[in-house]
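Below sits a lone chain in structure tokens, taken as the form predicted alone.
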Amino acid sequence: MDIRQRLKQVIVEDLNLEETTPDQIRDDEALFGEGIGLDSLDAVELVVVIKKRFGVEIKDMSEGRKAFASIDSLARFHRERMQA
């Protein structure tokens, strides 16, 4: 399974997005606000989920803000950390 699809599935399942399926999330769609509508509590939970499921640590808010912009940016962040 492609990393983007895995990320979408994890977000939907672990954040209990009952009204959303992974297929409904576009790769370039904003994860917060006007996008799929995640909020600051979801961000905290997502940091934990990404570390637990993918072994990638998001160290601070600045890093998280860039990584959580979209599925594309989260996949890119994941690839960069796995290559480091």
Partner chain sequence: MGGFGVGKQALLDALHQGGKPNGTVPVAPAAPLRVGDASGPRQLPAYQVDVAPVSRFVSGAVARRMNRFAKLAVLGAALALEDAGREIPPRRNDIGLVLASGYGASKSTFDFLDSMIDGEGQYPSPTLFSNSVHSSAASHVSIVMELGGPCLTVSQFEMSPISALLTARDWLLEGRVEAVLFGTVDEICPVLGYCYDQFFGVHASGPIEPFAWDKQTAVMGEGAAFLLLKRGGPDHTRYGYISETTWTQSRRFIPPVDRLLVLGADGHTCYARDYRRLSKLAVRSTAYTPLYGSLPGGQAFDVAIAALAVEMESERQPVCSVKCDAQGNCGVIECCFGQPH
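Numbering follows the first chain given and starts at 1. In this text, all values refer to a predicted model and were calculated from it rather than measured experimentally.
There is also a form predicted together with the partner chain; it is not shown, and the following applies to it.
Chemist: How about residue 26 - does it come within 4.5 Å of the partner chain in the predicted complex, if we only consider non-hydrogen atoms?
Modeler: No - in the predicted complex, heavy atoms of residue 26 and the partner chain never come within 4.5 Å of each other.
Chemist: So, residue 34 and the partner chain: in the predicted complex, are they within 4.5 Å at any heavy atom pair?
Modeler: Looking in the predicted complex, residue contacts with the partner chain do not include residue 34, since no heavy atom lies within 4.5 Å.
Chemist: So in the predicted complex, is the partner chain close enough to residue 67 to count as touching (4.5 Å, heavy atoms)?
Modeler: It does not: once the partner chain is placed as it appears in the predicted complex, residue 67 has no heavy atom within 4.5 Å of it.
Chemist: Taking any heavy atom pair closer than or equal to 4.5 Å as contact, tell me whether residue 51 reaches the partner chain in the predicted complex.
Modeler: Taking the distances in the predicted complex, the answer for residue 51 is yes, it comes within 4.5 Å of the partner chain.
Chemist: If we check the partner chain in the predicted complex, which of the residues in 1-20 reach within 4.5 angstroms of it by a non-hydrogen atom?
Modeler: Heavy-atom contacts within 4.5 Å come from 15, 16, 17, 18, 19.
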